[in-house]
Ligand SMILES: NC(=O)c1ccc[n+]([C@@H]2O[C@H](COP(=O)([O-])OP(=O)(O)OC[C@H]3O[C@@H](n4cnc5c(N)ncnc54)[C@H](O)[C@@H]3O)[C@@H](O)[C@H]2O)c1
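Before any questions on binding or motion, here is one chain by itself as structure tokens, the form predicted alone.
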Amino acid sequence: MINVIGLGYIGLPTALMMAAHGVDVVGTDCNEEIIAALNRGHITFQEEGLEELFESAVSQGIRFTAQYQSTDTYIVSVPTPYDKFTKKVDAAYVADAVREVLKVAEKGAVIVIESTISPGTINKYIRPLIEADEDIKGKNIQLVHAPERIIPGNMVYELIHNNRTIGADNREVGEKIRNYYASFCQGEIVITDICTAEMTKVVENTYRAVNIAFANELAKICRHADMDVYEIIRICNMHPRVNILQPGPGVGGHCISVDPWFLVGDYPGLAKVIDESMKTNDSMPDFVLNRIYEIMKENHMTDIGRVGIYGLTYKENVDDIRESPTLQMLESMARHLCGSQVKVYDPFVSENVTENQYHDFGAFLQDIDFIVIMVKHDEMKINLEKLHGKIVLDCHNICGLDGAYHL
């Protein structure tokens, strides 16, 4: 039996996928509301294909509980935030979960850390928990790092098709865990050492963050020089060895906006390009806010209450608001005493997470004169004609209406 610890955006799909493919799984989470909802048959967030996967897993006998199980295999998938001052990983959630596991784990049990962590975290924070207690040390507990590689909006597909990395102290343990993932994963599963596995996941997200920052910096340069950044990128990308990404209003989620900071925190004198890239991405919500000010001034608009922000999630067509650029921008507006006046709407966010939040698109449009497209949900793409007569700031270059403003 596998006990999956942490049933959030990564742990729940992983637990369901394994159970749906015949693995005996018990899912554990300290949040009893999550456990109660799952036991009532309700998934706790929206994701394409997750409902069907849940039904399949339930039919195979998956169980959900707040209690840690006594077994021989654990998958720990809990949050790993970073300290915003030091930029170092905060491994407290992982360490706490492992401490609880160690209380009930069978002799020879394998603890798999799926949470994204900085290189050396297992040796620095997790392995000492085992070696500090002679009784636990005698249990011969094995540690593995198998970093997740999925993205909200395409989780189910990527769980099946993406390549995976297994970091283990010895090949035999790595093969054992590889076989569990191979029950559903059709991608290549590479076995390596733990530190290499830790590093590869952080590097993957850092690579993407740096490339996004390049596009965002181009947008700032082109705005300053009154040039069309999208046309420039389009032409540059015609070169066979150039593939510039598209700029945007910021970077959110719990991967690209967080993981690269681990390297900055651990290697502050070396990770200079990464540091500047992250600062560039973090500056984009304020860049959008300044664009709003410029456009309002150009259109002789003085009532911030007639401005509407479209999109609260960190990316399109998901309900995930973690590290959302919109929430970052609203926080900045609040510091300038105007954040509570703007209107906000997102079709994927049903709970109120900010002031003046609308839950009806028509009512939202009726009450605004200026719309800022922060997220390119499909709903917006198919309703662009409804923006006629509005001032539009399109932060994703999806609106072809005459007079629309861009980054």
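Since the model is a prediction, treat every value here as computed from it, not as a measurement. Just count from 1 along the sequence shown to find any residue number.
Form predicted together with the named molecule: not shown, discussed below.
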Which of these stretches, 109 to 117, 328 to 336, 157 to 165, 222 to 230, has heavy atoms within 4.5 Å of the named molecule in the predicted bound form?
109 to 117
Distance check, Asp29 to the named molecule in the predicted bound form, heavy atom within 4.5 Å
yes
Is Ser277 near the named molecule? Define near as a heavy atom within 4.5 Å, in the predicted bound form.
no
Quick one: does Glu148 come within 4.5 Å of the named molecule in the predicted bound form, counting heavy atoms only?
yes
Is Gly265 close to the named molecule in the predicted bound form, meaning a heavy atom pair under 4.5 Å apart or at it?
no
None of Ile62, Val342, Ile34, Leu53 but one has a heavy atom within 4.5 Å of the named molecule in the predicted bound form; the exception is Ile34
Counting any non-hydrogen atom inside 4.5 Å, which residue from Thr206, Ser77, Thr121, Asn281 sits next to the named molecule in the predicted bound form?
Ser77
Which residues in 4 to 21 have a heavy atom within 4.5 Å of the named molecule in the predicted bound form?
Ile5, Gly6, Leu7, Gly8, Tyr9, Ile10, Gly11
